[in-house]
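Single chain ahead, by itself, as C-alpha cells, in the form predicted alone.
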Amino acid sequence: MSLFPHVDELIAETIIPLSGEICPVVASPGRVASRPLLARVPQPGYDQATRDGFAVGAGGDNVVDGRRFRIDGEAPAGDIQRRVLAAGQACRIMTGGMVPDGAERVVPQEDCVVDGGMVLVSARGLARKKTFIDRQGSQVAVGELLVDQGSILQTEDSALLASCGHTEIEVYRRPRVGFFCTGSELVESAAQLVPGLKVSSNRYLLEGLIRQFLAEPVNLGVVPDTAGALDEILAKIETASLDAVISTGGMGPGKYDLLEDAFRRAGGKVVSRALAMRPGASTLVGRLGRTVFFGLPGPPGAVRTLMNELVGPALLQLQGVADYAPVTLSARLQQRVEIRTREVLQIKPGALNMTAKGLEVRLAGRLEPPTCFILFPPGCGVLEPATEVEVHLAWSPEVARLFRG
C-alpha cells in the first residue's frame, strides 16, 4: 500500500504516461520503453560455429580411431557464401563462420589431423556431446520479448536490441522538471557570498536527483521570500512546458513562509498540504494547470528524503516506469535509536552494511550520503541494537535492477 495515496491519485489524473518518442538504440540506456520490444531477427542469425575446426556431415571413411573426410573449401567468419556439404565432405571453419548445410557438427581442430586434401577426425571428436554449432534462433527467436513496457533500459539492453534488428525504439518522453529554491538569504554560487547570504545547496541537490530519477532538470533559480517574487515565478510555470515543478522552502508557519498562498493565488489545486510523516509535515502536493507541483521544506536532509520517498517515484511514474516505488528491505539496527516524535512515521537517512550477521543498518553520519532510508512507524520509542527495521534503498536504476524480481 502506498504511503501517499493522494499523490497516486494526482498522478493518475494528470499525465501518466507521458507521450512516446523515437530514440536511437545507441542513446537508449536510461530511457523507459513505452511498448514491449520484440526480436525482429533471430540470434544467432545463422547457424554459426563456436570453435575453429572442421564442419562435418554424414559419411566419411572409417579408419582406425576415427573417420576421414575430403576437405571442400573454407568458411571463415564474415563469409556470406552459403555452402553445402555432400556426404563424406568436411569444410574448414572458423569461430563465427556460417555452418554449411548438411553439417552435423563442428569438430575442434585439436581433434583433427590434416593429411593433404583429407582430414582425419578422431573418434573422440565425433563422440563429443557438444556439436559446437549455435543454431539460428537458439538464443533468441523472432518475436521473443526482449524488453517489457515500463522497463528502464540498460546498456546491455541496447546491445541486445541492436543485435535483434532494432535501430530505433519508442520510449517515454523524459519529464521536464522545473525547480526553484525560496529564501532571500540564498545565492546560487560561492562567488556571490557575503556575510548574511549562503549558497543554495538544494539547487545542486535537486539538479542531480532529478537526473537520477531519469528526468530533465530545468533550473528556475533562487526566489526571494516575497509575495511578488513568488507570484512571478508561479506565473511563468504555466507557460514553461513543464511536466513537474519542485520548490524548496517557504512551507513553514513563519512570517516569510508564503508559498502556499502564492500557489493558491496562481490557481493551483492543493491535493495535500501535509504528510503524516517526518520529514514531510509541511509538504504541498498539487497541480498548477497541467503541471504536478511539489512544495518541499527547506532543509536539504528533508529534501533528500522526500525526493526518495515521494517526488522521485512520482517522476518515474510520470515516465511509465513499472516498478517506481522504493525498494524495501529488512535490516537490523547496529546502534541504539531513540525516536522523540512518536505520533507519526519517521524516516531517517541510513547507511547499510553487509556483515557476518547479515544486513545491518545505522543512521547515516551528518556529512555521509545515505544508502537507504530507515522507516520508524508511529509508536516507536527506544530501539535497541539488533532490532529489525524496514528500510527503503536510496533509488538508482542500478539498485532497482539488482533488487527487483
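Residue positions are given as counts along the sequence shown, with the first one as 1. For clarity, every value in this text was computed on a predicted model and none was experimentally measured.
The form predicted together with another copy of the chain exists for this protein as well; it is not shown, and the discussion that follows is about that form.
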Among the candidates 112, 237, 230, 209, the residue which, in the predicted bound form, approaches another copy of the chain to within 4.5 Å (heavy atoms) | 209
The unique member of 122, 131, 149, 154 whose heavy atoms fall within 4.5 Å of another copy of the chain in the predicted bound form | 154
Out of 184 to 192, 276 to 284, 83 to 91, 312 to 320, where are the residues with a heavy atom within 4.5 Å of another copy of the chain in the predicted bound form?
-> 184 to 192
Residue 396: heavy atom within 4.5 Å of another copy of the chain in the predicted bound form?
-> yes
Is residue 77 a contact residue for another copy of the chain in the predicted bound form, using a 4.5 Å heavy atom cut-off?
-> yes
Partner contact for residue 66 in the predicted bound form: another copy of the chain, 4.5 angstroms, heavy atom | no
Decide whether residue 251 counts as a contact residue for another copy of the chain in the predicted bound form under a heavy atom distance cut-off of 4.5 Å.
-> no
Near another copy of the chain in the predicted bound form, with a heavy atom at 4.5 Å or closer, the residues from 82 to 101 are 82, 94, 95, 96, 98
